[in-house]
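Only one chain is included here, represented as structure tokens and corresponding to the form predicted alone.
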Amino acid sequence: MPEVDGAKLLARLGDRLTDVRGRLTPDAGMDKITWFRTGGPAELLFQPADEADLSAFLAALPEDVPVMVVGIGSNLLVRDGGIPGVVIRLSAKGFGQVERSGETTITAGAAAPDKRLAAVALEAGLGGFHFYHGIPGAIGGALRMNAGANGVETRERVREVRAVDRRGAAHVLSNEAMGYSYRHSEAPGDLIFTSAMFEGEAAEPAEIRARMDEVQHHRETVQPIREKTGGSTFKNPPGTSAWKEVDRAGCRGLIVGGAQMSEMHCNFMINTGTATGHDLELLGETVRARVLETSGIRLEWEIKRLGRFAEGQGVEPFLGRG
């Protein structure tokens, strides 16, 4: 499998992108973006200036060029062979705005941190957003995966979502059209979310602040938030918690290369300092295999894995046991 070559791809695109206003970076190091601080390069990284620039870029991009979208890299594992094609990362300047847009509504750009939405809701006296204070991601990812915490999910707050498709056409989706379920959305995979309108309810700021403080206290006491981690590794299976099954399978603290299942919260993988993307994925599949053997449960990844394995590498799902 050929290595990614950003300069070659950029040369191929040539005059197609002359009107693009955003930033194009060939062979961009994804290890600088992901919270795991590991992984191979993006063949071409594009940071659009705004929604119009994103639409123009996609309309000009040949259909055979693969496109991936990343946020702030909090729940992202990039394989060591890099990501072929174009990786789009929405800029904070163009897509990071969060503002009150109505009596009970807030509009947020897809690149805005979840915590920023919680903070603006507090300032506006709107309840129902405290759970975002504890989610280490951006709005775009929350929309795609129906992010949730502390018993609340994104689908309970979303009114409508703006998006751009692979050909550059703009769309507005209702809450129903997003097709939300646990940690999942049925929205077409080629849609790039650019912003969303959320609805809350009037609440006392002191009450909101207290709930946000509870969320923060919980994170600090049970999660390894100061480590190089991607957050929750696996989705909770029906009727149980992922961490309980990982613990039951004897995987708390399990180490593969430079990757480890956290001793503090065993549904969190951490890069202890030298982990490769391969170490992390092999650790995850080792855990899945042991949980399958111990309890018969097939854990599903919550962390998004992108890109190619490096030459000679590879990791079988469930290590080939499932």
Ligand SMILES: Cc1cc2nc3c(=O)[nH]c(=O)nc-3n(C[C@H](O)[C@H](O)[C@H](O)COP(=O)(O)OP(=O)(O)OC[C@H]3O[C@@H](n4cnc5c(N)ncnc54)[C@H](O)[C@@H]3O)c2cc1C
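Bear in mind the structure is a predicted one, so any value in this text is a computation, not a measurement. Residue numbers here begin at 1 and follow the sequence given.
Missing here is the form predicted in complex with the named molecule; even so, the following discussion is about that form.
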Quiz item: the named molecule isn't shown here, but in the predicted bound form, which of 98-106, 199-207, 240-248, 185-193 has heavy atoms within 4.5 Å of it?
Solution: 185-193
Self-check item: Position in contact with the named molecule when the complex is considered in the predicted bound form, options Leu58, Leu45, Leu282, Val69, heavy atoms within 4.5 Å
Solution: Val69
Quiz item: Which one, Gly94, Pro84, Pro136, Gly127, lies within 4.5 Å of the named molecule in the predicted bound form by heavy atoms?
Solution: Pro136
Self-check item: Ala121 within 4.5 Å of the named molecule in the predicted bound form, heavy atoms
Solution: no
Practice problem: Using a 4.5 Å heavy atom cut-off, state whether Arg298 contacts the named molecule in the predicted bound form. | Solution: no
Practice problem: Look up in the predicted bound form whether Arg211 has a non-hydrogen atom within 4.5 angstroms of the named molecule, and give yes or no. | Solution: no
Exercise. May I ask you to check whether Asn175 falls inside a 4.5 Å heavy atom distance of the named molecule in the predicted bound form?
Key: no
Quiz item: Are there residues in 68-99 with a heavy atom within 4.5 Å of the named molecule in the predicted bound form, and which are they, in order?
Solution: Val69, Val70, Gly71, Ile72, Gly73, Ser74, Asn75, Leu76, Leu90
